[in-house]
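Only one chain is included here, represented as structure tokens and corresponding to the form predicted on its own.
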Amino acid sequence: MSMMKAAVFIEPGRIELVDKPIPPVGPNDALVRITTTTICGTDVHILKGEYPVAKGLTIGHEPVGIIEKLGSNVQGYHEGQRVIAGAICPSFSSYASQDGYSSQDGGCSCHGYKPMGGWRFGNSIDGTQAEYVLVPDAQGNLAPVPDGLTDEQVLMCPDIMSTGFAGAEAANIKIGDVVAVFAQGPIGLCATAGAKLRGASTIIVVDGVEQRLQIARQMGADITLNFNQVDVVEEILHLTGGRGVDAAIEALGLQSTFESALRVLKPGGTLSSLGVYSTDLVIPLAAFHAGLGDHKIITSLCPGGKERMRRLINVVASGRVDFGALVTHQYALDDIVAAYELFAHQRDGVLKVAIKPFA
């Protein structure tokens, strides 16, 4: 039996590189040889035991690679072709998918649908921090990568870019809107870029790391606020003449950023929440106007599928946004434990780490 290297969850605090069998290919699957993948903040939640997955599961959900083998039912692709697949890889046959929520395509059980069910890589099936990954329902989930684009240019498409853009889309940003984006990690930076593409005239971003604020300007931010230097709620209300912002995007997953995003909203504004929360949220009465402010609070899980990936690749290929600056470090798969240590502790200005299984 042919074997491959894979980074697997052992127990809270331990992800290790082990040998696993290369998976067999079913009729609707594709086996993809991973050329580049990365580590996500969600993977860190898994590492810490804050999000439960099975022991021995291969982690990771952001694949760029080459088709090694195709299932007999998969049409329109060929072996040797460069592809990506979304972190969300729905079947497009479930009730959730057919109701327009393919990200929630988790299959039915006696207890109903599992939230985030469309997120299978590194959650319910083996993921992408390995030499190979098996892509299920490949007909609907593989997207070709044009020859002119590097792995690093499209590495954000499977998750980070799709998630950040979903935050801007869910916020229903209109031409001329004023938007605040809280946190400028990779998802927040992509949300900033998405807000710009949606037509926001003023984008105010908040973070505590100057390097990230500088990159945010490259992504389309007009005003950058360092929360270590200013009361950001007070400053945003001042900048908007007390009116508040049309939309606020929360991209970190903390009570403090969620609450600040709510406090700067205009009446009738939208809070678009992208953070992964590990504790209960509390909605402050005054900021919520006792429920009478016509506010909208909406959450998003990144859309997947080949059409979503095609559109994101088109944005990259157009040159309107350059996400290459988000890839700050590169590691071989053999060194993934060190890569996790760097990323989890946010050292050395890290944003995203390119993991190369065959470096």
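Given the structure is predicted, the values throughout are model-derived calculations rather than measurements. Residue numbers here begin at 1 and follow the sequence given.
Beyond the structure shown, there is the form predicted in complex with another copy of the chain, which is absent from this document and is the topic of what follows.
Proximity to another copy of the chain in the model of the complex, taken as a non-hydrogen atom within 4.5 angstroms, holds for one residue of 332, 54, 325, 298, which is 298. Screening 134, 183, 173, 236 for any heavy atom within 4.5 Å of another copy of the chain in the model of the complex leaves a single hit, 173. The candidate stretches are 173 to 181, 126 to 134, 146 to 154, 224 to 232, and the one lying within 4.5 Å of another copy of the chain in the model of the complex by heavy atoms is 173 to 181. The candidate spot formed by 28, 267 and 281 lies fully in contact with another copy of the chain in the model of the complex, as each residue has a heavy atom within 4.5 Å of it. Although the partner is absent from this view, residue 80 stays clear of another copy of the chain in the model of the complex, with no non-hydrogen atom inside 4.5 angstroms. Taking the partner from the other structure, another copy of the chain in the model of the complex has no heavy atom within 4.5 Å of any heavy atom of residue 208.
Using a 4.5 Å cutoff between non-hydrogen atoms, residue 203 counts as a contact of another copy of the chain in the model of the complex. In the model of the complex, residue 311 approaches another copy of the chain with a heavy atom inside 4.5 Å. Interface residues of 322 to 354, taken as those with a heavy atom within 4.5 Å of another copy of the chain in the model of the complex (partner not displayed), are absent.
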